[in-house]
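One chain comes next, on its own, written as structure tokens: the form predicted alone.
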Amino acid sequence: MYNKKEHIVIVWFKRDLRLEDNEAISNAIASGKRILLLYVFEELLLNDTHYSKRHWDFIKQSIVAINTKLQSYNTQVLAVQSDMISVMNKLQELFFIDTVYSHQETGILITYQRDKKFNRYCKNNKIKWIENINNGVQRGIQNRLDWGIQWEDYMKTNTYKFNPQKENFISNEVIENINKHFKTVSLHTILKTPFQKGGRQMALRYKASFFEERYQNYASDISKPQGSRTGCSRLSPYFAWGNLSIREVWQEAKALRKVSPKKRTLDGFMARLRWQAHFIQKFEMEYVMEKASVNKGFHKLKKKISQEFQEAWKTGNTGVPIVDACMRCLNTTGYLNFRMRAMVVSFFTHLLWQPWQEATIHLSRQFLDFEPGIHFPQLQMQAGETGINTLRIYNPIKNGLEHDPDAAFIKAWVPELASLDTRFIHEPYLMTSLEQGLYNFRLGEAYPYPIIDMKLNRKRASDTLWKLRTDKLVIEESKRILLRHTLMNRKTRSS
């Protein structure tokens, strides 16, 4: 194969780890040239602090699932560890590369910089790089006035079917020879873990169980830390890493709505699919959100960093049971429902009075569904630093009593409190010395006292942030943000 170099095309997998409804693959097949499917475990991401082993395992499981489907086509994904340009240089020694197909990735700053370098590389080497829209998120738009309509129109378009021929792909035998030129990656992972497993097949199982039965409890369980673990779709990691497309799930939900008695429930679910794309679109248009508040007026907000507070929060030892249960659950399983995510961020930024930037790394490493376009805008919104959203300072005790009234979730994740009466499980610091003796429970030993005065700190956060919202620059920036990101029929709670 090396004597006369073949003209080929490459499909570069990133956060689109699926064969179905993948425009890059469809375009590659239409080219008529043989296709090399490629995933690069890039050093720049392997070394980036936002990512952790749980993410790489999920990606590996996703590639294994793709390879299983590709067995009948006598091909596989070339999975190597390097940087993209080095990989391309070596592949160009073996083939003439006509085109690289991929999706537009709304990633962190280093992937944006990588893509700019790769674009220059392709131009210098006379290689076409064709990127397709991902889940309706558009690149280069200046405002959002028609975005909602355009997004829904995109959701209604036909999905891409995967119906290739064996001849479309470079064979396993050739890929085995290519592997000799690279540092390959073992795709083996330990499957007996508390995390959701990656891959298209697993994603379809979650989707099927949700639409067949679990969605009926979606509206009632969405805010419950325990109930949401089955009542919510649990599809977010499969969206984040691309095992499923938003479009195919939106279309299935739309079809189910026609025959389901739970139409409002499905409307709520589909609204959150749109909400997901809405926030990624925000990040696509305001990449500075990774490092700094989108509203420049909040740059003057200074908070004293406390490593002690941050460590207690990260490990679930703040002395506030619902917060600690959430953090321990997240650290162990990679999942937490939206309300509890908002609450723990509010606790960190408002009650502990820590900069939201200090929470980004730990949370991104713990969230199995880490999606930059959701992660950074949501951190800023929950921290109250956008200037356009309602300021929400969550009361963790109130949220625990409302959404975990029998303390089942707290008992599961803070077992040192499980033997107490429910009223004390939510607020163990209310126990008298006598009551502690009756339960053989010593606050400060078995479980910590709250590390802050919640009432006092809540007032400080509220007073400071409300005052800042009257600042001239905050107001000017709020107007700019609204002009740039306002949607038609905009609702304050969803934007």
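Just count from 1 along the sequence shown to find any residue number. What you are looking at is a predicted structure, and each value in this text was computed from that prediction instead of being measured.
Below, we turn to the form predicted together with a small molecule, even though it does not appear here.
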property	result
Per-stretch contact check against the small molecule in the predicted bound form, the hit in 165-173, 73-81, 271-279, 97-105 (non-hydrogen atom, 4.5 angstroms)	271-279
Of Cys232, Met155, Ala253, Ile178, the one that lies within 4.5 Å of the small molecule in the predicted bound form (heavy atoms)	Cys232
Arg200, Arg341, Arg365, Lys314 - the one with a heavy atom within 4.5 Å of the small molecule in the predicted bound form	Arg341
Contact flag, Gln382 vs the small molecule in the predicted bound form, heavy atom cut 4.5 Å	yes
Contact test in the predicted bound form: His350 vs the small molecule, heavy atoms, 4.5 Å	no
Phe370: touches the small molecule in the predicted bound form, heavy atom cutoff 4.5 angstroms	yes
Heavy atom of Phe409 within 4.5 Å of the small molecule in the predicted bound form	no
